[in-house]
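In the block that follows, a single chain appears as structure tokens, in the form predicted on its own.
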Amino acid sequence: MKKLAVVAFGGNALMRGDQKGTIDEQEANAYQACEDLTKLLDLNYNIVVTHGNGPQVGNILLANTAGNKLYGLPDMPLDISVAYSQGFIAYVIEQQLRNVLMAKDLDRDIISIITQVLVNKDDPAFQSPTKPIGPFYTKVEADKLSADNKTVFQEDARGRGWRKVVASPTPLVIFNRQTIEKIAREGHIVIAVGGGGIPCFYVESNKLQGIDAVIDKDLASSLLASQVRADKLFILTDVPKVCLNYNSPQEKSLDKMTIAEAKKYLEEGHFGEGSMAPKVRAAINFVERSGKETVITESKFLASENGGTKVTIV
């Protein structure tokens, strides 16, 4: 019987920090990430792919604002922009994954699912935005945008500039999770929970409505992985392993963390909130819910026995 893996692509799977984000760049990045992804097929895994949308949804919002100012086009809320990003990013991943499969003479259906995720409208996150989206700005640019649009910016932990931050409520329920699991276990590759999912809440007992937020992609992927009973969660990023004292003379890479150690390192502040901390929390959540293993790594180490940092019960 085949195992089931949920693989959470990082934002750099499509758009790198030093790129403009042209479609040619995003397609080339996606092709490379998908080449790495298919190595899991050789290890007898069925696959569910999730992905981030931070750079893309930020650009969608910028285009939306420009269209509103220049042409009077209706302004769209953040949940609609998340849905927009889910569709176009899933299309890029699906097409490039199909290209990789054809090059390897493999035949799998690839199904992209626009995914809503239930949140609590009273989540404290709405009072304290932390989730970075969009491009990096200088301090001067960020201050001007903040004054003009009443938006909140925070400095990136890795010194790359300032980014807009929005509310990031806790995901509670992944819609269509049973169908996602069924399709994946039948051997098809599923793309779901893009950008953490489209945040929604029950405005009445039988009426859903979107809400202005971005759900953390790794946390939503962790919830999905537990709800589809995945055997392993892979959280992809742009470094080979999780590090203590990152980017300092005392930097130390970790081959393995127990959830107790991971919680201790989080408490000690080793992981940046805009980078590694959400991934470590997501890893802890999946391991606690499932008893299974999470691996945090670069895509090129997906199929490597010694690649990445393993987060385990003990």
Ligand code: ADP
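Computed from a prediction, not measured in an experiment: that's the story for all the values here. Just count from 1 along the sequence shown to find any residue number.
This protein has a second form, the form predicted in complex with this ligand, left out of what is shown; the following refers to that one.
- Using a 4.5 angstroms limit between non-hydrogen atoms, residue 73 is distant from this ligand in the predicted bound form.
- In the predicted bound form, this ligand sits within 4.5 Å of a heavy atom belonging to residue 270.
- Contact check for residue 177: every heavy atom lies farther than 4.5 Å from this ligand in the predicted bound form.
- For the chain shown alone, residue 275 is a contact residue for this ligand in the predicted bound form, at least one non-hydrogen atom being within 4.5 angstroms.
- Among 236, 191, 224, 82, the residue placing a heavy atom within 4.5 Å of this ligand in the predicted bound form is 236.
- The partner is absent here; in the predicted bound form, the one residue of 243, 114, 145, 208 having a heavy atom within 4.5 Å of this ligand is 243.
- Per the 4.5 Å heavy atom criterion, this ligand in the predicted bound form is contacted by stretch 276-284, the sole one of 28-36, 41-49, 276-284, 64-72.
- With contact defined as any non-hydrogen atom lying within 4.5 angstroms of this ligand in the predicted bound form, the contacting residues in 1-33 are 10, 11, 12, given in sequence order.
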